[in-house]
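Have a look below at one chain only, the form predicted alone, in structure tokens format.
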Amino acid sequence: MVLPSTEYLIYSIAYGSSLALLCMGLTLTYMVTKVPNFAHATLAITGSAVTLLLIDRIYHVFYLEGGASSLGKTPYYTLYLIAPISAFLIVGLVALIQYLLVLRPLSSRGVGIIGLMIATLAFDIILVNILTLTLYLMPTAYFGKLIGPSLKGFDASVSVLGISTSFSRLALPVIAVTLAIALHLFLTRTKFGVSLRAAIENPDLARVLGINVDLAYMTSWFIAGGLAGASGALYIFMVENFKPAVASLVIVSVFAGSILGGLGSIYGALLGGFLVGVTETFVVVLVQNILAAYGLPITLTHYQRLFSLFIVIVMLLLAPQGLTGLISRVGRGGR
């Protein structure tokens, strides 16, 4: 068959949803500091580590090894709610620490954008090494049962309309839509959310109006980190062999989605991240199957992020402001 399977389509939607959350967070921090955060993907991987810890220290022992056999495995499904919430809070704090201890002090000292970008790279390296030390070098008596092998075996399986898939692939799109709607309502329907938008769009005017711009910036970084953590909390189930260094690959896709959507629009980032995610998975396999049908069996899935880089190049050349800028220009009659 040329078309990928329905199960793979579900996987593509889940991956696209995960990437959309990451792109929303990256765009939010960029709008605040005007600096691309190269540690953003590692923040998501920190959320993955939260899920690992929950499974290893709680669920694996209590629910999967018979500690609560009278309850059955139904309570295990609470993982898909507890993990994203826990990751949102923990990773949100990590992102806030990055802003308070790295970016804000350097920015107040007059460090330029290039210097701040290098600072985010340094923070990324430090965070990756902390995760590696925690997950791989800690004595197995404290941690280590689940490191190395894929977590797909720990993902609950479900059947919907005769299609068998993993529960995390169904949960990710639901969580992504829920968080996107919640963020929209927060930014448009609450007094603090409106103040936050004002602080991001025009900080000088916001200060004149009595808005606490620094608090707005801290809140933005916390929310952005939380979105990354929630995404990574379930993304871990789709990784064949989890390693913190995988963030160096994921960040390419995140930037591609943010640039495609437009770095000045959170909603554009949501759309761009989803489109890049579906392109890297479903579209890549579709093209691969078409080439195979014509006698060219090329494994394109090994080069899926080349498609993301191609998207970045095309958008920067043809529409630097992304899809939102292009749509706005079309709405103005091409002016």
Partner chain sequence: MSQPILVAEALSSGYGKFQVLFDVSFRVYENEILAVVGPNGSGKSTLLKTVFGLTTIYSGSVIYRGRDITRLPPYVKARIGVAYLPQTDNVFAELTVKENLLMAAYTLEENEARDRIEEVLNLYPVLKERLSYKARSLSGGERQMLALAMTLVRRPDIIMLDEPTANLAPVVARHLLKKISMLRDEMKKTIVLVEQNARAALELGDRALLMVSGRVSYEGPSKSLLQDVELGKRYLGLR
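Positions refer to the first chain, counted from 1. The structure displayed is predicted, hence computed values, not measured ones.
Note that the form predicted in complex with its partner chain isn't included here; everything after this is about it.
Work out which of the listed stretches, 255-263, 119-127, 232-240, 196-204, brings a heavy atom within 4.5 angstroms of its partner chain in the predicted bound form. Contact-bearing stretch, as computed: 196-204.
Would you kindly say which of 178, 188, 248, 164 lies with a heavy atom within 4.5 Å of its partner chain in the predicted bound form? Of the listed residues, the single hit is 188.
So which of 170, 90, 156, 211 gets a non-hydrogen atom within 4.5 Å of its partner chain in the predicted bound form? Spelling it out, the residue with a heavy atom inside the cut-off is 211.
Could you tell me if residue 136 has a non-hydrogen atom within 4.5 Å of its partner chain in the predicted bound form? Close contact is absent here: in the predicted bound form, residue 136 is far from its partner chain, nothing within 4.5 Å, heavy atoms only.
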